[in-house]
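The chain below stands alone and is given in structure tokens; this is the form predicted on its own.
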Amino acid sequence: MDGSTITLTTDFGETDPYVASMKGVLTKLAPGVPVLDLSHAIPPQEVFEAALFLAGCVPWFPAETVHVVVVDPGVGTERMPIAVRWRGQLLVGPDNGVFTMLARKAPFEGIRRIEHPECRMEPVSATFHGRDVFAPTGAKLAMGMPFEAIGAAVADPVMLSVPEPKRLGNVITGEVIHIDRFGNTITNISDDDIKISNTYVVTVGSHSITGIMRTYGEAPQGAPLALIGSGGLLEIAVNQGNAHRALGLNRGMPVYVET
């Protein structure tokens, strides 16, 4: 794959040797291929958070990018190691639903179980497939191994259960699905469900906000607001503040939009 790049997304943090070990394997098996760190700060074992993260960044990468994803609480169990083709890119990781949100944006173009003997570092550790299976597979794909050679086709990958907003009359009910670094609370209500308007009323917890704004700065400093964020989802935020702390908002809380 001429011009390919390998990216890494894990929940490993950066204080242990795990990420560095994977980079060692990638450097050995795919010399000269750039390796980009997307994030190693996914909360430990939070597969849904990883799925949201990938859906927010992978679509912006060019075709032929190889993404190695290791958020894998089931490592060493019977869960499959898989490679996925999506919009001309390749993703390598566990079959635990981590690619669910990408599949909701566009169908997979192929899924393969990782079986090829060259896609492993022997002996394979039962607890570190990131180093011993996923990194070698990513390296081989970046160096030109045909996707179809990875292993048998997979027809029914694991998909996470994703909460869907519901409409009853003029009220849409959703929930907070993510809290970002700024304390913005991101919901599962999308710009397909609502539009920017000064007439909508958004209620979460004990707080009601009138209007859905275009930018954070449209609200006074320190004031709560609702807006459609860069990912196309409704957010509740505090201008130059932290909605998670200031408003006591947490993941899973119901959100009501009166339209």
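Numbers for residues come from their place in the sequence shown, where the first is 1. Since the model is a prediction, treat every value here as computed from it, not as a measurement.
Below: the form predicted in complex with a further copy of the same chain, not depicted.
- Remark: residue 166 does not count among the residues lining a further copy of the same chain in the model of the complex, judged by a heavy atom distance of 4.5 Å or less.
- In the model of the complex, residue 182 approaches a further copy of the same chain with a heavy atom inside 4.5 Å.
- a further copy of the same chain in the model of the complex is approached by residue 216, whose closest heavy atom lies within 4.5 angstroms of it.
- A residue is said to contact a partner when one of its heavy atoms sits within 4.5 Å of a partner heavy atom; residue 191 fails this definition for a further copy of the same chain in the model of the complex, lying far away.
- Heavy atoms within 4.5 Å of a further copy of the same chain in the model of the complex are found in one stretch of 145-153, 107-115, 76-84, 168-176, which is 76-84.
- Along 115-144, residues 121, 125, 126, 127, 128, 131, 132 each place a heavy atom within 4.5 Å of a further copy of the same chain in the model of the complex.
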